[in-house]
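Let's start with one chain on its own, the form predicted on its own, as C-alpha cells.
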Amino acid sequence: MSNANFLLFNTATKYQFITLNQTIARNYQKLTYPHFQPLLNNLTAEASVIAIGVELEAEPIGLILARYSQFPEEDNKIYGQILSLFVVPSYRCQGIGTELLIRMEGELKKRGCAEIELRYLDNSSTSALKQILTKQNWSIPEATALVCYATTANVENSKQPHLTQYLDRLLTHIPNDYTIFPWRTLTATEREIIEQQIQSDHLVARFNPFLEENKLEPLNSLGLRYQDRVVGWVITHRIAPDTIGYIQMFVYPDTQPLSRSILLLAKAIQLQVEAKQATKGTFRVDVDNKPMVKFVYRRLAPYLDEIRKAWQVSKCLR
C-alpha cells in the first residue's frame, strides 16, 4: 500500500491519496455503484482490480476503480477500463477527480496497459467530467447507447394512449406458428443448440442469454419459438429489489421483422406491470440499433421517466 499527502491549489487542505487494499476498501463501499462493491472485497493481484481512494482527515471523499485484462488474440496486449469515478459533491471542482484519474493512469501503465477506456452516462456532472477528460488528452466522447428508465406507475398513469392497451393489441397479432414461453422452461436440448450458436455466430454471441444467470428474473424472462425452434428471447435481471433490468432482447434476423422483438418486449412489460412486484424498469439500446432507437423515441418515450445517453472515451498509454 502506498500513501501520499497532496496539497491542491496552494490551500492548506491536505488530501491523502491511497492505493487501497481489501481492509481499507471497506470504508469506500458507498463511493461506487452497488454492482462494483464486491470488487472492493477482492483487491488482490489475481483479481486485476485497482482502487485508489482519497481521504480528508481519515474520511473517504473520493474513489476511482479500474480493472485490466490481457487479450491473447491481440498479441497479449493489456487493456484497462475505468469502472467508476466519484468525488463527494461538496469536494468537487478542487482537482481531486483529475488527480485520481492521473494516478490511475500511472498504476495501469505500470501494469503494462496499452490503452484505457472509460464509459459514463449523461448526468449533472457530465460537463465537468468532459472538461477533465479533454485536458488529459482522452479521445472525443462517442455515444454508444440509450439507457432508459421507467416506472410501472408512469406506464399506467400516462396521459398518452395507454401503453398496456397498445401492447395488448400487439400480442393479439402474434402468428399462430409463434409461441412465447417462460425462459425458465427452456429445454436442455434447446440450450445446447443456442450455446453452439454462440460459439459460431457473433450476432448470437452479442446477445448471449446465459450471461449472469444467477440474476435471471423468472417473472418476465421469455423465449420465442417458431414452430419447434427457439428463435428469440428477452432476458431480464432483478438488479434491485424494486427494479428489473431488461438485459438482452434478440430475435434471429431470418424470423424478423422488428415486430417479433417488440412482441417479446411487449409481453415482458405486460407481465411486470400486472405482477406489481417491481415498480421500476431499465433497459439499454445500442445506438447502432437504429430500428430500436426509433421505436424508443416514437413509441416508448411518453411512458419513460428518463432517457440518458451512454458515452465512451479512450486513451493510449504508450
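We number the residues from 1 along the sequence you see. What you see is a predicted model, and the numbers here were worked out from it, not measured in a lab.
One more form of this protein exists, namely the form predicted in complex with a small molecule; it is left out here, but the text below deals with it.
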| query | finding |
| --- | --- |
| Sole residue of F86, Y226, Y149, Y79 within 4.5 Å of the small molecule in the predicted bound form, by heavy atom | F86 |
| Selected contact from N157, S127, T189, Q199, since only one has a non-hydrogen atom within 4.5 angstroms of the small molecule in the predicted bound form | S127 |
| Candidate spot V273, Y297 and P302, all three touching the small molecule in the predicted bound form (heavy atom, 4.5 Å) | no |
| Interface segment, criterion being heavy atoms within 4.5 Å of the small molecule in the predicted bound form, picked from 229 to 237, 103 to 111, 130 to 138, 207 to 215 | 130 to 138 |
| Proximity of I96 to the small molecule in the predicted bound form, heavy atoms at 4.5 Å | yes |
| N123, heavy atom within 4.5 angstroms of the small molecule in the predicted bound form | yes |
